[in-house]
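Next up: just one chain, as structure tokens, the form predicted on its own.
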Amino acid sequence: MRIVVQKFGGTSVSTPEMRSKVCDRVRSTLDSGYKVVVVVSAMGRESDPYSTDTFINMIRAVNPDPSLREMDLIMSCGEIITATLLASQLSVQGIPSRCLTGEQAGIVTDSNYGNAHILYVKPQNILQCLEDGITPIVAGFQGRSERGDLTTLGRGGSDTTASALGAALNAEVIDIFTDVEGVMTADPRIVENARLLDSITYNEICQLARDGAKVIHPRSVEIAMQANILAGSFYSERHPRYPGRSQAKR
């Protein structure tokens, strides 16, 4: 079974029109002979109705210092909403799909609320979906602790979800779709002559991430590197055909 994991960031799924582009991308990959596992972030950013920040502000308006356990519960809602909507939209377009929470996807973590680490992945539900011809849509950024509590993986954790699932499923490729053209030599908002990189090593992108670059979560890179997934790709959502691309390799 040839598997591709595709992760779509918040702005990639923020509107029905953007989700239609996601559906087109999933269909194209399926038509190429791959099984697709989709990982999604919460829709939009900052003040958007279902963004993670919106849920954080909601609970802090009631309690300025909520427990981390309750914070994880409310912060996980955005990804579940996105996954449910996208699965429904794909199904309407003739692509049988099923929404899975992080727990249902088999992601087991430690109990470090708000910044949990993945201990292991049990992807049986995902594999069953793929064998049944169903495309699983996984809510990123979340898992279940061994004690049974919902946990989140830290901001940007949907990238980590995608890499962990890619490793557990022995995926050929992990595709990261976001709102920039790819990995650049510097932040183009700060450095005027920053240029797009055609390729970058895992060590280089991991160092960039640890130095503050937000294009991908450092844990995501580490997991992909350890699993020897050689072609992690980063696409831009700004163009309907996603022309921007940087490829991570050893």
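Please read these numbers as outputs of a predicted model, since none were measured by experiment. Residue numbers here begin at 1 and follow the sequence given.
Unshown form predicted together with aspartic acid; subsequent notes refer to it.
Chemist: Heavy atoms within 4.5 Å of aspartic acid in the predicted complex: does R155 have any?
Modeler: Result yes; R155 sits at the interface with aspartic acid in the predicted complex.
Chemist: Determine whether any heavy atom of A42 comes within 4.5 Å of a heavy atom of aspartic acid in the predicted complex, and answer yes or no.
Modeler: Yes, A42 sits close enough to aspartic acid in the predicted complex that at least one of its heavy atoms falls within 4.5 Å.
Chemist: Among 120-128, 143-151, 91-99, 157-165, which stretch sits within 4.5 Å of aspartic acid in the predicted complex, heavy atoms only?
Modeler: Selected range: 157-165.
Chemist: Which of the residues spanning 66-85 lie within 4.5 Å of aspartic acid in the predicted complex, based on heavy atoms?
Modeler: The one in contact is E79.
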